[in-house]
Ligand code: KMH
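The chain below stands alone and is given as structure tokens, in the form predicted on its own.
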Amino acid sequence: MAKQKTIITCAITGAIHTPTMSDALPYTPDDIAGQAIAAAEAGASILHLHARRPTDGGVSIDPETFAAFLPRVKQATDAVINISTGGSLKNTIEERIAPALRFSPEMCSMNMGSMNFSFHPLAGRYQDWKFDWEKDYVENSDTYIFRNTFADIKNAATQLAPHGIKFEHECYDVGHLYNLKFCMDIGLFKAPIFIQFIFGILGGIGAEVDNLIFMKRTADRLFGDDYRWSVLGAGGAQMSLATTASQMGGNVRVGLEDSLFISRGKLAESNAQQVQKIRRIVEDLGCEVATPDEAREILGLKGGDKVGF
């Protein structure tokens, strides 16, 4: 049987890194659209998108901010667009799902449990900040709880169900897999599901190959053949864990949301540069990269003609 092709997801900007940390981090609509399009041209079949305030790079979950770049990305590329429902750690689930409700994308993220979620150690690396909000935002992240209760998950799943959206179930620890199994058992999600194993976030499971194997074995036991999977390694674990995942039959995620670097100590010039690197690695190791339409078939997506933008 032919080996399934590898889907590359690129997460363009996220909600962790700030403009001070890298000049390559996009936050204006022009830059987000431009980098997303370039990432798709480099081989990403899925684009995971957050929005930012164009004036200072702060996190935005305002649907109008998404409206400034979503149509441009859709017009310029056939890539699958995946809208975040994580957004800001300080907002309610109702606020976080508003962009997905408005734009009805093919995919959106669905975080599968509440957790401590911190990146405050980054604050010690910088003395001067481009914008006033950045330092406090990063330093105070040790007080953040990323809320995703069972009620929140049910609320989001129920409201988004009529849109035919495929969820990228983000699992930051093994307990999140059991949360997902429970939600499937009560009928919130239908197989085949798509799981993003996330490693290396402070508050979640560590970025180690043993943990990847453990998460994969647990998912195999819980879901059998009813799931597809991908790996996100945060920071320095990005390329190594993605490479390992591709050789285990999984899919991969890269992007400046997850790591600002292209190699140890060297900042990436763009999202596309990271996509080019992981594509080269995957292909050199004998795997084929999926096109957007192949990704749609693998994941059972509704199609780019059925979105609301």
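Worth saying up front: this structure is predicted, and the values here are computed from it rather than measured. We number the residues from 1 along the sequence you see.
Beyond what is shown, the protein has a form predicted in complex with ligand KMH; the following relates to that form.
Although the partner is absent here, Gly86 lies within 4.5 Å of ligand KMH in the predicted bound form, judged by heavy atoms. In the predicted bound form, ligand KMH sits beyond 4.5 Å of every heavy atom of Phe103. Using a 4.5 angstroms threshold between heavy atoms, Tyr172 counts as touching ligand KMH in the predicted bound form. Within 4.5 Å of any heavy atom of ligand KMH in the predicted bound form lies no heavy atom of Gln238.
Heavy atoms within 4.5 Å of ligand KMH in the predicted bound form map, among the stretches 204-212, 155-163, 223-231, 104-112, onto 104-112 alone.
Of the listed positions (Ile198, Ile97, Leu180, Val80), a single one reaches within 4.5 angstroms of ligand KMH by any non-hydrogen atom in the predicted bound form, namely Ile198. Contact residues in stretch 37-74 (any heavy atom within 4.5 Å of ligand KMH, taken in the predicted bound form) are His48, His50.
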